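What follows is one chain in structure tokens, specifically the form predicted on its own.
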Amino acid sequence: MKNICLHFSVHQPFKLRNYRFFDIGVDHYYYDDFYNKSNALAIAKRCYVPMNKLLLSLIKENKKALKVSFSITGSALEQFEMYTPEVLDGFKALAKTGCVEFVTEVDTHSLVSVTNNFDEMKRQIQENADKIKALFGQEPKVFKNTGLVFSDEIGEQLVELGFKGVLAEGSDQILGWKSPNFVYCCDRNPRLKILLRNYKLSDDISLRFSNQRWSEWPLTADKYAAWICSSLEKEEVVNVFMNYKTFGEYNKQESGIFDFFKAFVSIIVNNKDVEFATPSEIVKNLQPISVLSVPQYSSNADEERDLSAWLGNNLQRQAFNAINGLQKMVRSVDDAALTRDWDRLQACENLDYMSTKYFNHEQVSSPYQTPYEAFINYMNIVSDFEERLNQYPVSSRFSLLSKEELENEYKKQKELLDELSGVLKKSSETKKKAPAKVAPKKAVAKKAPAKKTVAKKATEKVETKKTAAKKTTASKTAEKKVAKKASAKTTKKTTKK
């Protein structure tokens, strides 16, 4: 029996409010509550509520022949609880049918898997798994990453976390001549089975269903079912992975998307050679045909199928490094509000809004007019968030570090102290060898005598004048004496005569 795997991803990030520069350090609330609530209510009305009801009725009508799977992020679950509890009730009802599987998603819908931080990746995945178990009573064994990002390294880490299978993108870059319609296994650990998205058949519904310029428009249920059955003639499984907003949001109800899906399910259920299956059933029942090597990151984003949708320019990379660089500080303080904000700020949509790949920025449904506006607003919030972190004493930042991290920190501090003591030792030795005379003192010593010399010269001049005056007086006195003697001699001569 050939299999069709229908998977729907549900992610609904919190929109950030217009956070201006002078709000930094003053206002620590980052979210546009009015938009988030109105947006959640609108999407629930157009998509989640009617589609959940349709799936539930189709499962019952077709005697549980229809099987689907979901991955739901933590921010979406949080908004369902806050604004639209009827959506959460709908998912719970689907879980009780036994025909719906919930696979694990990165709880924050972040790119933590590409940060080489296994502990943080494990935490975010475990948080989502815990929420699924608490809400729907399932323990997931299959994983779906943000944007279907995958690599050999990520696959190896997933095996360590206990996963049996992973959903990934069936891009031409990693497949080459191979077909996505088989089960593969991870190159680094063959125990992990890989289910690849058939991006052509998936995008035919999610991207092209309402496009009247498409050569195959209108897409009917008969035509689409024929394409799938044709693919399964020589192959094993067709994986159709879509955003849940495909139904009612990206393709409005007026487009006939709900009627299309209902008719398609009816055709497949009545086909004896094809059946719907969940990811866990496929992983359990089908064996991989070969190893799939994915040395570089792949994703389902854009034509490149890489990370460039989120990290393709300097704005995105700077923002990504800024928020992820605070991870250790966040983990070292026990503050629920800070942890909540940090988780929400990691959502990859915040990076997507900064993309400059598109000629028209509205193509990515951005709430900002330009990528630069999105970057400035985001970095203002990150700056305030970092300022809040810095208010904690340094000692508290190391209180929750692991033993290994503390030892590494101790080694770093010891190396710095050793280096500092070496510099001080060299400095003291240099002082001992240096001559006693110091240049600045000589300069001062030279200036002081200069004043004394001027004073001495002035004194010498005065003394010279006094000496000259004395000499003049003495010479006059001597002249007078000589004159007296001369006059006395003349008087004597005259008397003798």
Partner chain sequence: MKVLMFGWEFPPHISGGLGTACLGLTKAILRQGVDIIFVVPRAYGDEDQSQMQLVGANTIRVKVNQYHFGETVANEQNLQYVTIGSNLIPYVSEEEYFDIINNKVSVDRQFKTYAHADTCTIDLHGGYGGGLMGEVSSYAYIAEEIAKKFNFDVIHAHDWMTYDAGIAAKNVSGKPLVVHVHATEFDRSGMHVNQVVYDMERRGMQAADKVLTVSNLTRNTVINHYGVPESKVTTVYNGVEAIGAKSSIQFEKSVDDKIVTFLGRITYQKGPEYFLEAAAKVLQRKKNVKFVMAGSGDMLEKMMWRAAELGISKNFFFTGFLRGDDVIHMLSISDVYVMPSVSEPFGISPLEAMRSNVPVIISKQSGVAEVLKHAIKVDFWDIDSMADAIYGIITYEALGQMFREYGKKEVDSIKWDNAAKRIKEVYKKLSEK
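Residue numbers count along the first chain shown, from 1. Being a predicted model, the structure only gives us computed values, none of them experimental.
The protein also exists as the form predicted together with its partner chain; that form is not presented, and the subsequent description refers to it.
- Within 4.5 Å of some heavy atom of its partner chain in the predicted complex lies at least one heavy atom of residue 373.
- Contact annotation for residue 24: at least one heavy atom lies within 4.5 Å of its partner chain in the predicted complex.
- Among heavy atoms of residue 172, none comes within 4.5 Å of its partner chain in the predicted complex.
- Its partner chain in the predicted complex comes within 4.5 Å of a heavy atom belonging to residue 387.
- Heavy atoms within 4.5 Å of its partner chain in the predicted complex are found in exactly one of 379-387, 247-255, 121-129, 273-281, that being 379-387.
- Residue 369 is the only one of 220, 211, 369, 413 with a heavy atom lying within 4.5 Å of its partner chain in the predicted complex.
- Exactly one listed residue, out of 88, 315, 309, 330, brings a non-hydrogen atom to within 4.5 Å of its partner chain in the predicted complex: 315.
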